[in-house]
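Before any questions on binding or motion, here is one chain by itself as structure tokens, the form predicted alone.
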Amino acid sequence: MKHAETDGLEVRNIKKLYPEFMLDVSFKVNPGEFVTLVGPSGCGKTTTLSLIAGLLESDEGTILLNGSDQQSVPVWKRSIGIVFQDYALFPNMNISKNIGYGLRARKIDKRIIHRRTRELLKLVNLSNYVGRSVSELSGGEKQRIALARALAPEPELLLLDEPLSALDAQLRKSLRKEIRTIQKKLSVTTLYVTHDQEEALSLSDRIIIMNNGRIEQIGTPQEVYTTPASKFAAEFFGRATLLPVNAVSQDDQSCRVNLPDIKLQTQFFCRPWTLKQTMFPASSCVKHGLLFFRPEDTAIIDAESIMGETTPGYNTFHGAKVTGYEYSGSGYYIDALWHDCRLSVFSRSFLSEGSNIAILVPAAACCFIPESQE
């Protein structure tokens, strides 16, 4: 099915002003896409969701749903399903009545409500729970019913505000798979809010990273993890090495950088971040920024066997010293010190503090973050 350019959700220059905080965001969610808003507490994720749902009124901007301006549409008339963190089920209604609540409010025929309720109970794997009360449900079951209720009116947009945060870790993993399976099956346009990085990476078609009321980066899970747009984005998703560097030249594929005041054995060849076309011309003056890589892209080798040597296609850190470690189950995250710079690397084997090591990092796994994007 071919969609028009106006289909999906579009948030244009939406602003919400508070005495000590201002939200200012623009983004688009394509039809059938699963997009996740992530960021620390207080960054504006839930405020953004509330503005889209109509629970809050924006000070500026436009919200379009499938081309229709939503600003003047009352919350109860918006074709939006919402799932909250605290379930928000009605305790005085059984499960079937909870699911059918939105349909009854729209005065849908009882036979249609009955059929739709049965369909949704089957969809969320609770077919045998028709007459149960809310008090008989576990946390995971309550969230399944909340999801079914949000989907009952067949909304054009589904909003989920940290729906799994009240559940234990194992149940969160199980339920997030179910949510994604259901979303794909129905192909409903979805905007999901979470502070859980692993959740965002595993669920999303695209991720929007927010910080202090603004968007730091938009991209696929792979893009935001391997080519972060800023220091904040790099540090938000797990461990990272960030070294202050000078970029001395670049072309369409790579960027050469040097560490200030340190003569390296080899130059770095780093992928530029091109999502916002922020590359600078090769003829420009030296630019400052950060060299970034993830610990799982590193390899630790015997320091003495390659003393002074370099490996084509790799950046070599000679003379690093282990300063700490953390066991992760599959191996060890190692903290290392190299020329007063802190590196984060990964090792399958245990390395004691004080060990001298050499570290190899593929040039293709490195990314240069310009200072202007920090």
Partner chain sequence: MLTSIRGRGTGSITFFLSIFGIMLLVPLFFVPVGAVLSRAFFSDGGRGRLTFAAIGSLLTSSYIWRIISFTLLQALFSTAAALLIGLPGAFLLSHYRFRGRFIIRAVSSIPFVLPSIIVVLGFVVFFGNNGYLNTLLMQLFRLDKPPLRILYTFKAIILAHGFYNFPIVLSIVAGYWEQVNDNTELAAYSLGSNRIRTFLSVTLPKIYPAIFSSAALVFLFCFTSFAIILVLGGGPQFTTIEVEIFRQARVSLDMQSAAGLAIISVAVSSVILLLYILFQSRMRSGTAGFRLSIPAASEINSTPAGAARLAIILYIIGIIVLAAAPIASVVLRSFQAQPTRGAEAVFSLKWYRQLFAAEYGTISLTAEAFKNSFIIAVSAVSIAIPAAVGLSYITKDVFPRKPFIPELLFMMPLAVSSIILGLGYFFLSSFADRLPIDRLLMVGAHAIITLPFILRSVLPALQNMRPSYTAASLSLGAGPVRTFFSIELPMLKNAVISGAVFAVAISLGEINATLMLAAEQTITIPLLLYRLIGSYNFYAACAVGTLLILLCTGLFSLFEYLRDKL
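All figures in this text were calculated on a predicted structure; none of them were measured in a lab. Residue numbers count along the first chain shown, from 1.
We do not show the form predicted together with the partner chain, though everything after this point is about it.
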item	value
The unique member of Val188, Ile300, Ile82, Leu201 whose heavy atoms fall within 4.5 Å of the partner chain in the model of the complex	Ile82
Among the candidates Asn92, Thr181, Asn128, Ser138, the residue which, in the model of the complex, approaches the partner chain to within 4.5 Å (heavy atoms)	Asn92
Contact stretch among 322-330, 27-35, 55-63, 337-345 - heavy atom within 4.5 Å of the partner chain in the model of the complex	55-63
Partner proximity in the model of the complex: Ala105 to the partner chain, non-hydrogen atom cutoff 4.5 Å	yes
In the model of the complex, Arg149 touching the partner chain (heavy atom, 4.5 Å)	yes
Contact test in the model of the complex: Pro295 vs the partner chain, heavy atoms, 4.5 Å	no
Interface membership of Gly219, the partner chain in the model of the complex, 4.5 Å heavy atom rule	no
Sequence-ordered residues of 63-90 touching the partner chain in the model of the complex, heavy atom within 4.5 Å	Gln71, Val73, Pro74, Val75, Trp76, Arg78, Ile80, Ile82, Phe84, Gln85, Asp86, Ala88, Leu89, Phe90
